[in-house]
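Encoded as structure tokens, the following chain is the form predicted on its own, with no partner shown.
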Amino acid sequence: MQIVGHTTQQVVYAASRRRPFRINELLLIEDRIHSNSNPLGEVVETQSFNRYIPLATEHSDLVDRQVMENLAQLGYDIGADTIHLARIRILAELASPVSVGIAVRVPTFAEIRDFLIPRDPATGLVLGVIRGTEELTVGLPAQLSRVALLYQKDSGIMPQKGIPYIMDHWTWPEYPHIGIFGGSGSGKSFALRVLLEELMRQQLPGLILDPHFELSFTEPFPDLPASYREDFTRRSIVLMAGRDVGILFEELNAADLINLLQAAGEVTENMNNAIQTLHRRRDSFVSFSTRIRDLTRGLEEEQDLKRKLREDDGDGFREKQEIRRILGLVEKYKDRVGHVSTLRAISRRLNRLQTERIFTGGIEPIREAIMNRRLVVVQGPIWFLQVLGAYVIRKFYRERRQYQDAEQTGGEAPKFPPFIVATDEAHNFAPRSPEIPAPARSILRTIAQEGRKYGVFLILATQRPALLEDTITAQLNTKLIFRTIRSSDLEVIREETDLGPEEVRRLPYLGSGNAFVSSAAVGRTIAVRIRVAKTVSPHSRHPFLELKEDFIPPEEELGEALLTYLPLGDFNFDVHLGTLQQELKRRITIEEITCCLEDLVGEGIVEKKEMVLGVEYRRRED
């Protein structure tokens, strides 16, 4: 293998007679003129030609006049030889172009270890293997050779093939936030699970919003070798929104309440002013909603209530006291809350939140898990998670920020640890369009812009990066890009990553579980295959297998049961009837048994014989 054709400081071309080039493989260029070590390059495009596909007639970016002249000068027979060509991207900035004719070879692991392994697996996040390093597997030391087992749908779990890809999370304070982009079936959600497993392995606390009810970590992946398994039950907790956790109304201030109500509909300036005026510290839902209800009644019925108070109509003392209280509210707030329609709008939004059980429980279980360096997964409908998540993230970020600021200024504030916020369907939590209500958008944008200073980081997964808020997308310093097809999403990827045109062209055809990792911390794009997860989603069973196992038609279920009771006859059906009904947990008739057995006779599974006491059914002997 040697350099041919036109070269630059960034790109060279290589040719080989004997060995095809492989996409993404790493090659050493033996040209020490640039430094004390040979430059390293990555194959980004490759083609092969032979006498049946003449090189001279091929139109390709890899083949130009200078390439053909160089090949001839180097002894290649363009009309007869099988020639393998590759475009190689140099992975370090060179001062001058590489010389033509220089040899190219596969490196040893020792030659590129420092370039590819930023951390030991014990202190980094092992996400998979680096594609194109398969030939180097043999030379890996023991501590690197069995940390990233792979999975193939048809083949099951496979040995590690290649150098492990280890993400260095210690660089996050400088290069924060991760985006995981990919279409349905691309492996995006699988990669999110693997990344969260690695966070638990490093005991990094985090809040995970799970709208798909699939991020639990108690069930091990099937057929994992015992040495590869890991128990995450004590490192994570799953909580249900509206049952295990919610928002205590008494803990809300007026600003928190306004943010929550925005999730239930637009909050106008008049509504904002009314809430600021009417909300009192430590208000309960009942006290606040009652105040709005009574003030609404007072504004609508002010004259009637005053008339009733003047009249001596025998009304009871308590009713007069109630009227005086309501009129007192009117006198106090009449000129400060606007029109009665404003109060009704606030009531409607409050009632919607109450109906959705937003104000059930509190967030203390989430706080406790994060303080104990656990991963806390909050599951629920996406609208509920938008509201609850916005409140919890804003509150915890404020506490973390106050603690950090106090540390810097010598003040005092309760301890709160660094933490991570992660979610799938991120474009629903922080949509690009400002017209779409999104209570979490502003706090996620704030964390994206300044969270690294306080040790708060984002992991946002989405099928539609084009729909994710622009500012947030721009702040995701590391992006895992899986198979992507939509042109609008591809355009965002072109603008927001360092993927070259070759990688972008390949995105619609990437196999599931394969990704390009664009990282500012590394300064280049790395092709990665995600490792097998150590746990499995509770929804991982194939839907058609679920139908087969859990939704058996009654007649098939009865037929399977009857086969275990053979031989049977119309003279002893009633003997087994009670047992069958208990087994199948439903009422069964003699006629149903007879029809089912006749169907089995028709299918050739059972044979029917006339006996002295009646008809007998036996399993057919083959």
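Since the model is a prediction, treat every value here as computed from it, not as a measurement. All residue numbers refer to positions in the sequence shown, first residue = 1.
The same protein has a further form, the form predicted together with a small molecule, not shown here; the description that follows concerns it.
Among the residues 131, 87, 169, 188, the one placing a heavy atom within 4.5 Å of the small molecule in the predicted complex is 188.
Site annotation in the predicted complex: the residue of 82, 477, 512, 296 reaching within 4.5 Å of the small molecule with a heavy atom is 512. With the small molecule omitted here, the record of contacts in the predicted complex names 524-532 of 277-285, 524-532, 335-343, 92-100, defined by a heavy atom within 4.5 Å. Within 4.5 Å of some heavy atom of the small molecule in the predicted complex lies at least one heavy atom of residue 151. Taking the partner from the other structure, the small molecule in the predicted complex has no heavy atom within 4.5 Å of any heavy atom of residue 303. With a 4.5 Å cutoff on heavy atoms, residue 184 counts as touching the small molecule in the predicted complex. Contact check for residue 463: a non-hydrogen atom falls within 4.5 Å of the small molecule in the predicted complex.
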